[in-house]
Every structure is written in structure tokens, then in C-alpha cells.
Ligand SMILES: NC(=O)c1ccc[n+]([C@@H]2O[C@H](COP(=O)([O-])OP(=O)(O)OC[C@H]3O[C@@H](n4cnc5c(N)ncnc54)[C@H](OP(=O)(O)O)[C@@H]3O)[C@@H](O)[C@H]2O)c1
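Form predicted alone, single chain, as C-alpha cells, below.
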């Protein structure tokens, strides 16, 4: 099979597409023919060896995928050949085939394209877990989404609206702000402007944001926390800006605020029943059309490097997807 193979931690320009043996199928596992794979910020860090945990070399990158079951001896988890599924795993998705345990999969609702499914699970599960299970966003609350045009950010905009929040999308360019507004944001802010906190204060009638969804990090995170409402909740989702901020401890004291961590990788290990409930809610929204996931750009497998480069630029809108099979 063809696969992207990381033989040494390096920039995406040095990673190659190779012919490799199909992965062996062990007892209780399922073989999937991959149709599409999503490319996230974490995937780029893993390739370069800059993620907090390192995959043993060599490895096939890619954590999120959609495809068709081709082998399922004994029908583990009820999965059978021919079923369309979406899945998430530690690595291995940027290939024509993958072998996983049934816990990694979820049935794909009818009518949902593989490109949509491949850009769905990680971003939207992160957003729903953060906003519902961690911050418990209530209808009418003010939700500030930083980095609102990125894959996770735009998911938070959409999920926030479904949960009844008033969504304020913060993004750095007019194109990104228009993108966020087109997908449900009630108001937008240019956080590159020196007075952006004054704009937020005006938009929230002096109160500040009840909940801050933050996949960005850096100095913008500290500034956002300074504008949080009394008893507000700041969700730490990631550090796309590259810098981990240092928050003065007097700020949570003065604001009565809470800093809440969100790590998608820990949910299936520590809160499997919560993940199951949230995935059921998400796929229900997906099936009935309430939720329409945003696909950024779709690339051919041969152009996987372009997908990573686009994802790593600050001009990217939504999540990048690699189409692997028709």
C-alpha cells in the first residue's frame, strides 16, 4: 500500500510517500480502506518530533480518518465489511489502509462525505467536550473564540451556537473574520488591534466573556483572561501561536475565574462514557443536518506536503483533508 512514512523527525519537505506492506490484522482488529484523512496541527508537530509525546520511528502520521471496513473477522464491535466508518487513532491514517480496534471507530451517518467525516471527530469532539463537559456553557452566555477560523476554532463557533451561546469570534484578518461570521459567529474581533479588549468590552456590555475557547496561546491568552467575566472559564485547548503563556496567579483571584485544560487524547482513557455520550450527540447533529462540519481544502495523497504547509500557515481556513481513495 502507499503511505506517508516518517523515517526521521524532520520538516514536511523531507517526508516521503512510499510503498509499504499492508499492516497485519490481529485478533479483534478491523481493517479499513481509508478514503480521506484529516490533517491537524498536532500531526505537523509529530512529524517534526516537537509534540509532547514522540511516535517511535518509523511511523505513518495522521490521526483522523474515514473509510470503509474491508476485513472484520468475528465482527468485533459489530463492524462488518462494507460499513462506512470514521475513526481516530494515535497514528497511521495517511495511508491506503489502517488496522484498528473497534474502540477507535464510529459508524458514519448516511450521506456524510468521507472528507467531512475526516475533518470532524477531533475538532468537534474537542469543542463539545470543552464547551459542554468542562465549561458547561449556558444559553445566552458570551463565548469568545480565539483563532476562530482554524479547524478547532470554527468547530467551537458552531458548537457554541448549538449550545445557545452568543459567539464572539476573534481572528487576525478580514477573510478569517468573514469566514467565522459565515459559520455562525454573532460578532467578530480583530485581536491584532491594540484596543481589541475595548471592543470586547463594548460587545459584552462591559461584562467580558463568560467563556474563552483558546487554541492559540501566547500573549493573546493572557490578554483575553484579563477581559474575562466574573466567574468566567478559560479553556486551554492548545498553543498554535507556539508560545505557552504564563498567567499571573492574581488574575484568577481578582476575576473569580477558572482555567480549564482540554486534552482530547485523555478523554477516552479517563472519561470513556463522557466521550461516548458526546459522540452520540455529535453524530445526531450531523445526521439531522443541525451540524455541518467545515472542510478547509482537500488535497490528493500525492500533494500531502501542500496540505501540511497550508495547515501550518496563518492563512488556513478550517481543517485540511487528504483524499486517499475514491
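Positions refer to the first chain, counted from 1. Here the structure is a predicted model, which means the values were calculated and not measured.
Keep in mind the form predicted in complex with this ligand is missing from the figure; the text below concerns it.
Site test, 151, 176 and 238 vs this ligand in the predicted bound form, non-hydrogen atom cutoff 4.5 Å: Yes, all three are in contact.
Should residue 278 be classed as touching this ligand in the predicted bound form when contacts are defined as heavy atoms within 4.5 Å? Output for residue 278 is no: heavy atoms all beyond 4.5 Å of this ligand.
Although the partner isn't part of this model, could you tell me whether residue 79 comes within 4.5 Å of this ligand in the predicted bound form, counting any heavy atom of the residue? Contact with this ligand, no.
With a 4.5 Å heavy atom cut-off, would you call residue 126 a contact of this ligand in the predicted bound form? Output for residue 126 is yes: heavy atoms within 4.5 Å of this ligand.
Classify residue 172 as contacting or not contacting this ligand in the predicted bound form by the rule of any non-hydrogen atom within 4.5 angstroms, answering yes or no. Yes - in the predicted bound form, heavy atoms of residue 172 and this ligand come within 4.5 Å of each other.
Considering this ligand in the predicted bound form, find the one stretch among 37-45, 268-276, 281-289, 23-31 with heavy atoms no farther than 4.5 Å from it. Only one stretch passes the 4.5 Å heavy-atom test: 37-45.
Looking at 60, 295, 69, 264, which is the one with a non-hydrogen atom within 4.5 Å of this ligand in the predicted bound form? That would be 264.
Between 216, 86, 135, 157, only one gets a heavy atom within 4.5 angstroms of this ligand in the predicted bound form; which residue is that? For this set of options, the contacting one is 216.
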